[in-house]
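The chain below stands alone, shown as structure tokens; this is the form predicted on its own.
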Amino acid sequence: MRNDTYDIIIVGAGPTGATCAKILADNGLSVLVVEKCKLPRYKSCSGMIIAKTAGLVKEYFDVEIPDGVKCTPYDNYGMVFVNDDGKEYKFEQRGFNVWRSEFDNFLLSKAKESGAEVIDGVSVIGCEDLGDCVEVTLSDRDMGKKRVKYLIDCEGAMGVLKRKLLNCDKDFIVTYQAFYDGKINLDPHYFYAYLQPQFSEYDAWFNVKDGMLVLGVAAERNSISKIKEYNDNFIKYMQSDHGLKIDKKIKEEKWIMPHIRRDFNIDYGNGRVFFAGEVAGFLNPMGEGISCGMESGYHLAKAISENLKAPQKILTAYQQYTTDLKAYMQRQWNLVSIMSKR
């Protein structure tokens, strides 16, 4: 039976929200995770699990990533970057290839085992910080309004709730990728990122999932009209340089991700409302967001568990605990900036 009262509501059931929910529930707090999509939710994502992420799954959830969430080729050997001038940089690192819907649902199942409650198809459409609690308005009228100690926004780059709360509209990158039947002369165990400006305003990429060739490009939000041109250029390049032969297009999809700037401006939250993961601005500038999401969700849950009655202490601890994460993001930024003049 569904609880009527909760200590904390988490918005978003991705890796950030699942990690945060599990740690809070493990510490005895009553947690509700609200997800606007039907679960298991699908997300347009490379699904490349780097070694750091696999380590965090083991550390936070005390399990190995199961084969049931993986897709072929199961093993990822690392990343290959191609800079502005076409020079390759190969980074060897063992990881895994997963479908995000299955991976995210796996993490969420572990949060539920710890006692977190999850509802899907429901959005948080408003909230008000009343000083001693947060009043949360849900789209499900039968649930009404809930008063909780804290609200945690883990929505991802879209951040609809955050935009309402802060009356802001942050930069984001629009991604487009398509799945094809075909052949190519590249090792399917690597994830390839192409930084040439004629292909993308962030990067273009190639990887393989269950035998399907995945090719994608990206543009800044004000340049969405360029997506088709970038994609056409990238396809022609892959055909001429890597022997790409397309038999048919299976599907195509668009998504968004934060546009990480050099100053790494993180929105931690204020009062009794906090942000974690991509909506806060935590993202590896190489485009990998799962590890940063999990890590920020963990640190926020730890800060809340240790300082439940003191919102300002939570904020201070959260900022302190994520110092190394910000430094990691900076190192990755510096690495990419060496390869790309842009």
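Predicted, not measured: the structure shown is a model, and the values here were computed from it. Residue positions are given as counts along the sequence shown, with the first one as 1.
Keep in mind the form predicted together with a small molecule is missing from the figure; the text below concerns it.
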Ala111 versus the small molecule, in the predicted bound form: is there a non-hydrogen atom within 4.5 Å? no
Considering only heavy atoms, tell me if Glu35 and the small molecule come within 4.5 Å of each other in the predicted bound form. yes
Even though the small molecule is not shown here, does Ile256 get within 4.5 Å of it in the predicted bound form, heavy atoms only? yes
Would Thr175 count as a contact of the small molecule in the predicted bound form, using a 4.5 angstroms cut-off between non-hydrogen atoms? yes
Option touching the small molecule, based on a heavy atom within 4.5 Å in the predicted bound form, out of Lys52, Lys302, Arg41, Lys70: Arg41
In the predicted bound form, which of the listed residues (Asn233, Asn83, Asn105, Ser123) lies with a heavy atom within 4.5 Å of the small molecule? Ser123
Based on heavy atom distances of 4.5 Å or less, which listed stretch (7-15, 20-28, 317-325, 330-338) is in contact with the small molecule in the predicted bound form? 7-15
